[in-house]
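A single chain comes next, written as structure tokens; it is the form predicted on its own.
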């Protein structure tokens, strides 16, 4: 392989071809350190031409390639195997904003642009790029496209796929497929960009994209709502849609255990509601209402008791380019009707951007708080929104019967049917011991998802983690068509082998 390394150094510069173990180590494992590989080399091209040269060189040598962006994926989709025969192509140096077109409401970005950088560029142009994820400070656009990332704005703006107008892709042959067209209407046959979005780098390397922008919102109405059951939360979602229409931007569900973990591991986060029978806490938002509609005062409370006060929580947000007072009135009207209908127990409304951030912190820190609690069994699933309540009730009962005491850390994007239905070890049980039951837990949960016509991967992809399970839940004809597409575009199987389809490449 020495000859290939020499060619790669000529293509991108010797400093950007990493071969020493200490240099390649950050690129050799996934974010969770579930998978650990040993690449032949890590190559860091600076532009599309260099990417194409690297791919051509690898293809001529018959060497497999593993595209990698911010390496924040959760399913091992960007990790090489341990054969020391694969080349990792890191796209971090392709990080330019190529163009912003405010008349067309588009932004053209390279695959290595950090998501937060794209958001900031849009704000500087008085526009909104609505893709928003917990990892937005480190994930990159190429990875977002490769996994069709979701996040908190899907309810209103759609997944990454819906935000994409055009792509630039380097094919397994090294040819550059230029589809960087900022068109909202282009009815000229197969829309090829959709083959590469969500393909996890198994069909080619996305190097740039034309993405949609939206008018920057000037106002937001944000509220944290407490209710008894997911059924009430689903009914509240319908009511919120009727009140706010397209202005409903986010509708996030999380359980009391989620809040308990956040308050335990993030002391700066403030309990949103008062203990039973006590005045409401004013720490988070002065617009708090208790179930009687009365506004409350301040006071410190025991975090664990506060977290257990209500079984379920919904964080909802309206946004638009109108006056803040209009959204405040809309939020108050919705919550008033919900209280009268018995759908909610309590609610707190943010009256400043700082209070809004405090409410969002309660939701956004759930995943990290669970990680700090110890290893756990994670699920990223989706079912029709109308089935979420029954899915949770049914699957909770099945899990309790099979794994008594397992703690269900359930949260997610209720508005688009995406749940992170995770399990923590029972109190007093070593998390590593509980994790040994991973396969049995996954089969129970994913079988339940299938019964509700859902998906075992809503927004994290398949990668290596769910590759074998895909054959259990996809129909034979779906898998055959996917394989046919793979074989047509990458007949030698050099693009990210062992991910999504098929077995890992041989050592």
Ligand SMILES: Cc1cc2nc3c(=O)[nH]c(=O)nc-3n(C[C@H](O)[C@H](O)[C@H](O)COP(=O)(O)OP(=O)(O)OC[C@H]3O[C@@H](n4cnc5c(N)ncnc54)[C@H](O)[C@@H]3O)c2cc1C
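Given the structure is predicted, the values throughout are model-derived calculations rather than measurements. Positions refer to the first chain, counted from 1.
What comes next is about the form predicted together with the ligand, which does not appear here.
- Proximity to the ligand in the predicted bound form, defined as a heavy atom within 4.5 Å, singles out one entry of 397, 246, 371, 134, which is 134.
- With the partner omitted from this view, the residue of 230, 221, 204, 130 that lies near the ligand in the predicted bound form is 204 [heavy atom within 4.5 Å].
- Screening 235 to 243, 175 to 183, 140 to 148, 258 to 266 for residues having heavy atoms within 4.5 Å of the ligand in the predicted bound form returns a single hit, 140 to 148.
- In the predicted bound form, residue 467 stays away from the ligand, with no heavy atom inside 4.5 Å.
- Proximity of residue 317 to the ligand in the predicted bound form: non-hydrogen atoms within 4.5 Å are absent; the residue sits far from the partner.
- At a distance threshold of 4.5 angstroms between non-hydrogen atoms, residue 31 is in contact with the ligand in the predicted bound form.
- Though the partner is left out of this view, residue 44 does not reach within 4.5 Å of the ligand in the predicted bound form, counting heavy atoms only.
- Shown without its partner, the chain has no residue in segment 422 to 449 with a non-hydrogen atom within 4.5 angstroms of the ligand in the predicted bound form.
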